[in-house]
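Consider the single chain below, provided in structure tokens and representing the form predicted on its own.
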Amino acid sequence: MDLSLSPEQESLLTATTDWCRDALPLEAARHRTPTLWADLEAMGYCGMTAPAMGLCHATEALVFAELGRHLAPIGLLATAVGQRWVGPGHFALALPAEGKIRLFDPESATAAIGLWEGQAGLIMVPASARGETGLDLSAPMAMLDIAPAPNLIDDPRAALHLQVLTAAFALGCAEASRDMAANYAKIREQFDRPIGWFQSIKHMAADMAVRTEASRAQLCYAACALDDGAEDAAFHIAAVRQLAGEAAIANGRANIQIHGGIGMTDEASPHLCLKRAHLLSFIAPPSRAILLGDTA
């Protein structure tokens, strides 16, 4: 399996990085522009594997890692899956829990996609649903007190698709924390030296880098396995879901620690990545049975 990037993929990633820098600055994650969803649709990010575009999952996963690095709307996960397996439209992300359903990015969405016992399903979004700020300040959330029965999507690849994209978002989140911590370690001084000079900070930064590189390699392999229809695709996708999710939380915590006192404040940005990492940990979690090879 060839995991090297093609020239087309490299160009697409470069264009995505440049676009995200202008349209999705991390410091503006709490207050995105009203035209963001229209801009995402215009850029083609909402339906990269939809029949109209037909790109591979590997390319989409790499792009979503970059979008995840800038804390792109969480509903983009559901929208990308919906446009691939259901049809055109803007889909909210559904998170079932204890007889209720949390809807993320419900504004202007007519339907929501989530996982029910490992299978992707679709529910309708009430017109009255309005997103309010929750733990993740970049993800407006509405609560449905009564959980409607979902219309399950027959193709099992829809659930795998959601897991891959969630892992890609988690990888991007881990990379954002890594870069934020490394940049701060270069400019924050203690005892007349940048704190990155001290061995304890170096070790923390190195661990952050190792976690992201391991997750990125597994993401590429898992996405290619999904494209190829490999028999063990579900295992590799569960593996990257576990690796990337752990990397996002661990890097988010290390980022706050490296920032020290300012890292604990609301005005600084480190907490945004950690809160997004915790939210992602609840979305399309990996199956323990699949990870342990016990799928009977």
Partner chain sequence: MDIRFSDEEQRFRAECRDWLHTHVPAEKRPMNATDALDFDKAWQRRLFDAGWAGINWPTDYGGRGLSIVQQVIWLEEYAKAHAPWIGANFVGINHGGPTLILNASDAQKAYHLPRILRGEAIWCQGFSEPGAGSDLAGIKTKGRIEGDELVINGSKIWTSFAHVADWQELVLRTEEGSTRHKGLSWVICDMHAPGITIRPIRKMSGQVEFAEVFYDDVRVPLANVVGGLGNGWKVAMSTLSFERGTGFIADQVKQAQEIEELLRTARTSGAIRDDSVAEQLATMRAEVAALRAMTYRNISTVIRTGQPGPEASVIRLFTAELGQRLKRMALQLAGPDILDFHYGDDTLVADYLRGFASTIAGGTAQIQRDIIGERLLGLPKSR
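Remember, predicted model here, so these are calculated numbers, not experimental data. Positions refer to the first chain, counted from 1.
This next part talks about the form predicted together with its partner chain, which is not shown.
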Can you work out whether its partner chain is within 4.5 angstroms of a heavy atom in all three of A42, R253 and L274 in the model of the complex? no
Picking from I249, A58, A234, L67, the single residue whose non-hydrogen atoms come within 4.5 angstroms of its partner chain in the model of the complex is A58
Please check if E107 has a heavy atom lying within 4.5 Å of any heavy atom of its partner chain in the model of the complex. no
Contact with its partner chain in the model of the complex for W116, defined as at least one heavy atom pair within 4.5 Å: yes or no? no
4.5 Å heavy atom contact, A225 and its partner chain in the model of the complex: yes
Report yes if any heavy atom of R21 sits within 4.5 Å of a heavy atom of its partner chain in the model of the complex; otherwise report no. no
Out of 147-155, 88-96, 67-75, 175-183, where are the residues with a heavy atom within 4.5 Å of its partner chain in the model of the complex? 175-183
Which residues within 197-233 place at least one heavy atom within 4.5 Å of its partner chain in the model of the complex? W197, Q199, K202, H203, A205, A206, D207, A209, V210, E213, A214, R216, A217, Q218, C220, Y221, C224, A225, D228
